[in-house]
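Shown below, as structure tokens, is a lone chain in the form predicted on its own; questions about how it binds or moves come after it.
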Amino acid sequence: MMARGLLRFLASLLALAICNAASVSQPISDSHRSAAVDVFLPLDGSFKSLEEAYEALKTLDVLGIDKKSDLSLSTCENVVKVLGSSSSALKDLFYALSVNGILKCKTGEIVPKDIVSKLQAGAKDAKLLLDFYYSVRGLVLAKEQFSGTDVSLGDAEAIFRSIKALSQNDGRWRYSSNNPESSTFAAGVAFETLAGVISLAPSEIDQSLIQTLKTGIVKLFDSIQKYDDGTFYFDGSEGPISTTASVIRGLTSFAASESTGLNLPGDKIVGLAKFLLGVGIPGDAKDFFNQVDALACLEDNRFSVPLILSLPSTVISLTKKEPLKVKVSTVLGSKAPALSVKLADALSSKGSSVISNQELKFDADSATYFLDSFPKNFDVGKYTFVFEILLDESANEKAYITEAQTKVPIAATGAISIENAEIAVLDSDVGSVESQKKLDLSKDGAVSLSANHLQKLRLSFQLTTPVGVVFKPHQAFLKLKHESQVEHIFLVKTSGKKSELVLDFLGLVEKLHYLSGKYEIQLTIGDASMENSLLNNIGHIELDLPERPEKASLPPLQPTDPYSRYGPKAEISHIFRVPEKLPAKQLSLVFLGLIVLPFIGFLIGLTRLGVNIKSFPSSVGAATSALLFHGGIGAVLLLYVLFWIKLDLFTTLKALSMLGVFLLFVGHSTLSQLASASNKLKSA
């Protein structure tokens, strides 16, 4: 039962994998919000830089996650510090103003005019594209935050021309005039900067400049990348997510100005939105920010807001009679305007149409469009559903945009009928049935069969779909498992209306390694569209095969369980050797005494000979050398005792080598002094 449940689970998982293999865009959901909390909230409550703080706060703000109170204290201190410093870089001022626009920090005695003057000077003196960007966009933020402060650019048209000089003929832009390399990412930065120049200009910018810029935007779209499902994206060295987000930010900012009159192709705008949503949840914080920020720009722009069609599930169960559910929303999951959804076509895997021009019903409570009935010929299998979104009010067509048609892969699943299942043993000569048994494949069986190498085994059954069509499963095979754990798998083929397998044991004796005995019979039938996939034990068959010839191959060795080596080991019984008999303790003491007697005799001999120390050196230096020499000899004798008691040979030799070197020097010194004293006595 456990194996059968596992197989059904795998079949369902395979169905989901097949359906999700194609791109099915889903709007921003709670999974994004949950991931954003883990990615952007710092563990210690503070960010490494204002740039990192802005990206985190902007992402959380767009997703509707209120964490400002937890992050405002330390972040606002950094904002006030940067805004109040006269030495702050343009980049730091820009991100400080960006963070301040979200947190609304109390800037205290900071003078807005000083900030504005520095940004205006930066825009006037800038040579690099990023310096233009930080200065101009910083002034746009200052205009929003410091009301009553003059932030206009008096020489706006000259700045516009300076930035425009960095553009290339293919629509891409350079970061500086000294760098010949151009970038699509830089194009997005330039569009956003020029949009700021237009908004800060005291008078209208020359329309010929704007028209030239619009021509460059059209050329930039010539380099856009495309997938077969209608997904569009821009690519560059910064990566497709960052590059696409940069272009979207620039285009939406540029289109926000009424004087530009920018109109972009709707299919490409929807395609860009599908690309960003198709990424899922990025694993990198920078990509996460770029994805959410770009989608927020598409959510709120002047030219068109893309609508996304999504399905809660792309699997339809015919057994449960589940309706087809469709949702239409903006990229951030907001409700769509009044509209209707039509299923224009439903194509089977063979290309035939099974549903056409079917308008879906609308449930206002769940904001879901659904199709609750299917035609009688709608069967299990893979389909491609083609949807069309029709805006009900013509006024909405200017603000919202959709794909002309949205194609979604759908898998229809159902219970497959298994009929006329039987297993039989046939005679090889005439093919007559010797024994035959019916099978109930809805449960494990206990069929018992026997055969020899001159007979055959036949298994047959019929599979039909809920509408009575012959069903050919993706997987159908029979497994024979010998009692020695040797397994053999055979494919069950479907021909006509019947699935059948015939095993001729005469031709299989070598494959079966001439192993006679009991074989377990197991049948597996599975398919992504089959809700009742099975893995059943049918029974067993006793095979009587010829003896294995000497030159025939041996059965393969069966793999052992790798975890078996971690199990308990067999207990080891060990009998120790009987200790040898030792002499009596008294006898040992007698021999110890005999060993000590020579030393005692040595001491007695010294006293008899009248040994004295009259020749021991009297001077300090000579006496010291003599004492060290005799002390070294004593240390060697002590080392011998320690070796006998506890030390090993290597430790003893190491210590003896050091004592030997010591004795060499002090012994030479002592002998030299004795020789010198002896020579003096002789000369005297």
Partner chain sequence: MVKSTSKDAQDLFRSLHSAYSATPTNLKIIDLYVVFAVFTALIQVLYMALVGSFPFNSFLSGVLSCIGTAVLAVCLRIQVNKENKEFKDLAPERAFADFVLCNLVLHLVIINFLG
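Numbering follows the first chain given and starts at 1. Keep in mind it's a predicted model, so treat the numbers as computed, not measured.
What comes next is about the form predicted in complex with the partner chain, which is not displayed.
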- Message: Is Tyr227 near the partner chain? Define near as a heavy atom within 4.5 Å, in the predicted complex.
- Response: no
- Query: Looking in the predicted complex, any heavy atom of Ser588 within 4.5 Å of the partner chain?
  - Reply: yes
- Task: Flag Trp644 as yes or no: does it have a non-hydrogen atom within 4.5 angstroms of any non-hydrogen atom of the partner chain in the predicted complex?
- Result: yes
- Query: Heavy atom to heavy atom, is Leu628 within 4.5 Å of the partner chain in the predicted complex?
  - Reply: no
- Just one stretch in 141-149, 602-610, 216-224, 454-462 has heavy atoms within 4.5 Å of the partner chain in the predicted complex, so which one is it? 602-610
- Message: Under a 4.5 angstroms heavy atom criterion, identify the one residue in Ala364, Leu554, Ile595, Ala570 near the partner chain in the predicted complex.
- Response: Ile595
